[in-house]
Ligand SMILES: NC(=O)c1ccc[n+]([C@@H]2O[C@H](COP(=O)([O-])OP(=O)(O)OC[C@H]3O[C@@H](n4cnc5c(N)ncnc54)[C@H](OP(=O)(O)O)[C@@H]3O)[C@@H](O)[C@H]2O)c1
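The data below hold one chain only, encoded as structure tokens and taken in the form predicted on its own.
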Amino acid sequence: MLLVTGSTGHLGANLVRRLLDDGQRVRVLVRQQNDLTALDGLDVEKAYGDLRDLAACRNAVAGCQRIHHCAALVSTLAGNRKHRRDIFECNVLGTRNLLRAAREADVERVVVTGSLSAVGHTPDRPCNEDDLFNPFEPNLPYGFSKALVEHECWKAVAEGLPVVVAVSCAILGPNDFKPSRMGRTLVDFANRRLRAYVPGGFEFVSARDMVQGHLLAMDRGRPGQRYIFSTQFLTVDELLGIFEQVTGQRRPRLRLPGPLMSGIAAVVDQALRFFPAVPRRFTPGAVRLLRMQRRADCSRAKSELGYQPTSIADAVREAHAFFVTRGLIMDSLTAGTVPVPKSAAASAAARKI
């Protein structure tokens, strides 16, 4: 029996489906009050509870040999005190509880989803697993929490529990039920609700590749090590070029300079600092991350685990098809509402065959 946390999130929903396709028996830890649409029709065993409850973690872990810990509260906001406390409790204390329960139950191995936010930034070269998180740089509460999550992982390793960290970049792909920040961006782009964008760049990973990374880390990863999984670095302009090909829509004409957008985002952030639940596309943290143009080196995952990245363009196509099926996007390629680039037209023709 395998336990998966965060099964209704983007990574977790894809991972659960892959495990089931591989013939695995899967248990998921979910909160009963949450939207469980991502699990509809799936042959999984549900354990109800909250990671912040040690007893619930013990109940979920019982009888499981391996654990994929994908659950996390993800945010690019600095937020108010309550918001920061929620991130700390969900991410750090939740991980501590789960690892304690796993150690008590003699679980064979745990793979914990990490974040590039918890890897040190090196402007002159791509970062790698040996680059330390720098707490004296301007980091978001989420980044701090993921660095502390890794601390809990290494402490568990020292106490005898085999734990591997699978470091994720920005995920793109299907089964994005909530949807995620990147998923919302694609939906808004396809529906022509994206009015402006900010230049920059980031490391992106396809959902398919991140799932494969989790499985490789589980089977081949060295306990006490972290492995970075990325598919491709893309500038925002390159990513929007893929969006154009896949959706048949044109990118926004308004391309806001980074410094200007940083100022606007800072003002809005101050005005809404007591309302962290209000959705915001361009937070100061998100703009800063794009402007940093962080690059990542996946050499360790490739050499030690046999990781082979696939294609971000394919991931975007899969995500688009998923959102069309869910009714969040009108398929403009088949509806013929806008001129379609040649590559997108070929993709649409392929879907009709």
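All values derive from a computational prediction rather than experimental measurement. Quick note: we count residues from 1 along the sequence shown, nothing fancier.
The protein also exists as the form predicted together with this ligand; that form is not presented, and the subsequent description refers to it.
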Identify, from the list A147, V74, M218, L240, the residue with a heavy atom within 4.5 Å of this ligand in the predicted bound form. V74
Do all of R184, R208 and S230 end up near this ligand in the predicted bound form, with near meaning a heavy atom within 4.5 Å? no
Based on heavy atom distances of at most 4.5 Å to this ligand in the predicted bound form, which listed stretch, 30-38, 318-326, 59-67, 288-296, is the contact stretch? 30-38
Give a yes/no on whether K178 approaches this ligand to within 4.5 Å in the predicted bound form, heavy atoms considered. yes
Look up in the predicted bound form whether V119 has a non-hydrogen atom within 4.5 angstroms of this ligand, and give yes or no. no
Taking the shortest heavy atom distance, is T247 within 4.5 Å of this ligand in the predicted bound form? no
Whether Q212 contacts this ligand in the predicted bound form should be assessed with a 4.5 Å heavy atom distance threshold; does it? no
Using the arrangement in the predicted bound form, list in sequence order the residues of 141-178 with any heavy atom within 4.5 angstroms of this ligand. Y142, K146, S168, C169, A170, I171, K178
